[in-house]
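Take a look at this single chain, the form predicted on its own, given in structure tokens.
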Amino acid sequence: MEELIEKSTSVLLNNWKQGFTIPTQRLYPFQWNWDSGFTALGQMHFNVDFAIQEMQNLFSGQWENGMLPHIIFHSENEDTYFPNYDFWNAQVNSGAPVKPKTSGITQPPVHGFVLEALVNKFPSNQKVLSFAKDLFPKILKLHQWFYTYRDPQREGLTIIYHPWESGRDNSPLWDNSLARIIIDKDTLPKYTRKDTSISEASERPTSDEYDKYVYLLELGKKYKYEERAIFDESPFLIQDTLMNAILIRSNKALIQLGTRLGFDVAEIEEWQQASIPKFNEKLWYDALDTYVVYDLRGQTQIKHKEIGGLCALFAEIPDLEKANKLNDYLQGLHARDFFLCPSFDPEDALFDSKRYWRGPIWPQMNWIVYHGLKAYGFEATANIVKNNFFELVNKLGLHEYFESQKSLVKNLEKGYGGSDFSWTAACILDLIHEQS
């Protein structure tokens, strides 16, 4: 464990760029939204100032309406990533900051429970408490944006209109919705991907998927990233399990923090009273014994087992009966010789254990599921999730994501995607310190 702590700390220090952390060298050279949240969870164990600066610099990119973009382009000189700030052209929206440049979409709002963890670790640190009082209204404004602009039916469930917002870019969940997009190559802007020249193409989204990501990006620019206009035309409108579970969990953190710090939390409590029942009503699917995402454009559930449904445990959304079914699913995968937790159901024909979000294991998701299982007292399964993660890192390195089939891991020497990855290192540090 001491060696793992040393390696993980070294990765975070090497990826530190004078106020923020990049996920990994070359592949992701900017500041990513939910990456930074998890990174701060690791940084607080060796340098609380880094954790504070990480979040401050992330929120320097917040828009006037409260939206927090998924990429903050602190540097305008990097050329190893597409789409860069100029392709996003976020300034078509008058509320986007001139500096730093940003993307035009968001990511799962982890910031509430990250701030809660920071305050819980340093309950008497005046610098941390002052920072928490400064950041709380900004996180609240972000949540207000979700419920104001991304919940058009006022159901208590927020919507994504781009797969990148889900954090699970090329999950099979989005296949049918993306199939509605018919690409006219003549109208699609010319672009050159950079990721496949740095990472193996077999581990990345396909070219067809990227065309559709760009199509949806262009749709955002067309309407100046104004949600209501985008909703009218977008073929991709999803009420996502992960996005909503993370929002609900961060709401819970804000209620606890706000009460402690002297903020009014009545509005947040109202969101919870609507969101949790609607999540259970609309996103649970009995035939699969799991939560599934809802295709708002197609007016149907997308019926697949995958990692997002398990994140409901982290937000303490399911009753005990539903929670037991989710736990049983993980125990079944463990019994069938899979590392936990695969990002997509290995029994599904669309499962691909190597290609990004179609099957591999992701560190931050294991962190989320681990804490969700512990909330329900499923200690045995939680420990499998944690120990599987440690085993993969010890054998394959601090990579972005990992093979989920034990039979294949035996013959591998490294993980998938980027190496020396920040959220992998951060989750390792936080889990080790939580254990000790």
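All values reported here derive from a predicted model rather than from experimental measurement. Sequential numbering from 1, following the sequence displayed.
FYI, the form predicted in complex with a small molecule isn't displayed, but the following is about it.
Participant: So in the predicted complex, is the small molecule close enough to residue 339 to count as touching (4.5 Å, heavy atoms)?
Facilitator: Residue 339: no contact with the small molecule in the predicted complex.
Participant: Residue-level contact is defined here as any heavy atom of the residue lying within 4.5 Å of the small molecule in the predicted complex; does residue 23 satisfy this criterion?
Facilitator: Close contact exists here: in the predicted complex, residue 23 approaches the small molecule to within 4.5 Å, heavy atoms only.
Participant: Considering only heavy atoms, tell me if residue 362 and the small molecule come within 4.5 Å of each other in the predicted complex.
Facilitator: Looking in the predicted complex, residue contacts with the small molecule include residue 362, since a heavy atom lies within 4.5 Å.
Participant: Can any non-hydrogen atom of residue 54 be found within 4.5 angstroms of the small molecule in the predicted complex?
Facilitator: Judged by the heavy-atom cut-off of 4.5 Å, residue 54 is well away from the small molecule in the predicted complex.
Participant: Out of 391-399, 373-381, 25-33, 55-63, where are the residues with a heavy atom within 4.5 Å of the small molecule in the predicted complex?
Facilitator: Within 4.5 Å of the partner lies stretch 25-33.
Participant: If the cut-off is 4.5 angstroms on heavy atoms, which of these, 203, 78, 289, 169, is the one near the small molecule in the predicted complex?
Facilitator: That would be 169.
Participant: By the heavy atom within 4.5 Å rule, which residue out of 327, 177, 107, 353 makes contact with the small molecule in the predicted complex?
Facilitator: It is 107 that has a heavy atom within 4.5 Å of the partner.
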